[in-house]
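Coming up, as structure tokens: structure 1 and structure 2, two forms of one and the same protein chain.
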Structure 1
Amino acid sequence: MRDTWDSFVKFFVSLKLTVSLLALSIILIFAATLDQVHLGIWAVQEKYFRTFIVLWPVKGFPVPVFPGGYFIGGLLLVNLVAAHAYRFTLSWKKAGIFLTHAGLILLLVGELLTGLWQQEYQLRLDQGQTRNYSESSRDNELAIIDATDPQWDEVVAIPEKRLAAGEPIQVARLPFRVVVNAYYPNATVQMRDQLPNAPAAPATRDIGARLALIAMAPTYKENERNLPAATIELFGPEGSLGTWLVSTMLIEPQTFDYAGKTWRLALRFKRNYQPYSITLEKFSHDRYTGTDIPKNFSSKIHLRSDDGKTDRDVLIYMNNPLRYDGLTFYQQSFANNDQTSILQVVHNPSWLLPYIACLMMGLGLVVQFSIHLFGFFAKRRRAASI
């Protein structure tokens, strides 16, 4: 039993394990870099790094082919902590080594927390426009809105994953059941009267009865996004209320009356509401002389909280984001002939950890170098005094 325990401990504290994990990391990064051409950065992160096992489709079936980032990083973290606990004794002469490795451990933990917690959204504002929400650049939701009260909307948001699952959806606040007849991860819609030999209408209600739905292959390019669509049928106690076509390409929500209330229906980018509003007062955009290459683009915004405690102007530009209420607003891009500013909105509670980790590692190296340097000078003085 003792021999088994010793073998178990030696495996996790082994330097060979460290080297093997680093080699696997290099291979993983190399493979992910090559695949990024086809999948894009977000899909690559999910497929290679934010997973325990990398799966490749073989004849339509996912087959495990390589350890993923969570597995390699987690095992490397265990190896690092176990080696310190087993091999090293605490002393001032090794203070720099301990500080450097503690920073490395914190860096690994920070990456794990970032992968689990970080959320990213976009806030698009035309000049003079005010919004109290940002929108996801990848996730979508089906919004069913009770718009009966002109002063207040009650919204039921159904995640896109539930639509893709294809199972009936029953929400207590809705007087009808939602049945997904078909879901398309990427599709375009066109007016049927503009297409020769147009297919049958995919819906019976509202604008969907006049549209043609064309399925498209999912895209993974950085400058493109999927535009999902679905055909949904609503069922009340008396039976079917009809079939609607919902798509992120349809800007305006579809409206219908049922059970004495006015309802709106829309498939939209997932929204993240906040207890404050942001108004774009002015967007500025300079260009390098003689070119169309942008430089110094910035957004002057007005930030006002619902409770009135915050009411101020803020200038957001490159490398000068706004940090407020747990979110960070970066100047990302612009559109619409400089009339629209696009801000990247990031929620990452662990954003400070990489900075602290790098500071600890840098300080640890300086401390360890200084210890050896002073020891070298001390030996020189002793040798000279003999």
Structure 2
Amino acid sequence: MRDTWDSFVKFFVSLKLTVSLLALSIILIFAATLDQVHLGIWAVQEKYFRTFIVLWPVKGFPVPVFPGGYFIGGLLLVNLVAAHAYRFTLSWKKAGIFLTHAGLILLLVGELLTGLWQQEYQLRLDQGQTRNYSESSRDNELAIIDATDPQWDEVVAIPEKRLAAGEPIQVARLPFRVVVNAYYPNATVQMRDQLPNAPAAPATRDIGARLALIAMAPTYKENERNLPAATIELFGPEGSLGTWLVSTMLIEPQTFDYAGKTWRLALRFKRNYQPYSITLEKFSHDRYTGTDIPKNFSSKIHLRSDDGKTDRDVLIYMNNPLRYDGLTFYQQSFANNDQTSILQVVHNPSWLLPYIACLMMGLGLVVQFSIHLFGFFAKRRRAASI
């Protein structure tokens, strides 16, 4: 038992492990950089870094081929902490080394937390428009809305990944079960009567009975997004209520009545509701006089919280985001001939950690260098005085 424990400890505190992990991370970054051409930055991050194992499809089956970023980074973190705990001796002479390594540990933890917690949304506003939610740039959700109440909507939001998993979904608030008959990560829809040789209608209810669904290859380009679709069947106690085609291309929710209530159904960009609303008062796209060269983009918005405590105008422009209620609103883009502003909305509770980590590492190196430098001077003084 003692032997096993010793080998356990030695494995984690060894410098060999550190070097091996650093070598593996170099290979991982190299491979990911090459693959970024095919997948784009987001998919590469998910495939190589925010995963334990890198999977490679071989004849359609994902085969683990290499340790992922979480695995390598996690082990590095364990290695670093364990080595310090094992060899720890409190000494001022090592203060700089402690500080530098503590900074490194914080950097690794910060990246892990960013990976776990960071969420990115977009807030797209036409001039004069008010919204109290932002939409995910990549994630989608199936919203099943109880719209019976004249003032409120009761929303059940099912993540797209649950649809992709294909398992029946039962939610206590819904009087029916949701069964995913088919799921398409990227698809377009067209009216059947406008297509020669249109395939069979994918659904029996609402607009889906008149549409043709055309599956498309998923896109990995940074400036494009996949528009998923699914055919879902709802089952009440009496049996099937019908099948619906849901697609992010369909903007209007599909409405039906069941169990004395009015329901709406929509596959949409994942929404993040906030207890405040933002109105775009004016979007400005300034150009250098006499040219089309952009000088500045800015959005004048009005921020109003539901509790009435905040009610003010804010100017968001490049490098001057609005930070409010744990979210950061950046000026990201614009559309519709300068009539629409697109704000990037980022939720990252650990955004300060990398800054603190770099500060600690920088300070640690300065301290350690200074300790050696002053030690060297002291030594020279002693030598000279002899």
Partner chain sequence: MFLRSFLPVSASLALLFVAGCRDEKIATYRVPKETPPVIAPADSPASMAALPADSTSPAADPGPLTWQAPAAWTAKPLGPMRKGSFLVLGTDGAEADFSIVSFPGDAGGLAQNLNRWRGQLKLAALSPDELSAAATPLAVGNLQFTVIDFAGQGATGPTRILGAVLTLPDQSYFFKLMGPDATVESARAAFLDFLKTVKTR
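For clarity, a rigid core is taken as the largest C-alpha set superposing within 1.5 Å between two forms. Start at 1 and count along the sequence of structure 1; that gives the residue numbers used here. Given the structure is predicted, the values throughout are model-derived calculations rather than measurements.
Taken from the form predicted together with its partner chain, structure 2 is distinct in origin from structure 1. The smaller of the two rigid parts turns by 12° against the larger between structure 1 and structure 2, as judged from C-alpha superpositions. For Phe88, the displacement of the CA atom between structure 1 and structure 2, after superposition on the rigid core, amounts to 8.9 Å. After superposing on the rigid core, the C-alpha of Leu15 is displaced by 6.5 Å between structure 1 and structure 2.
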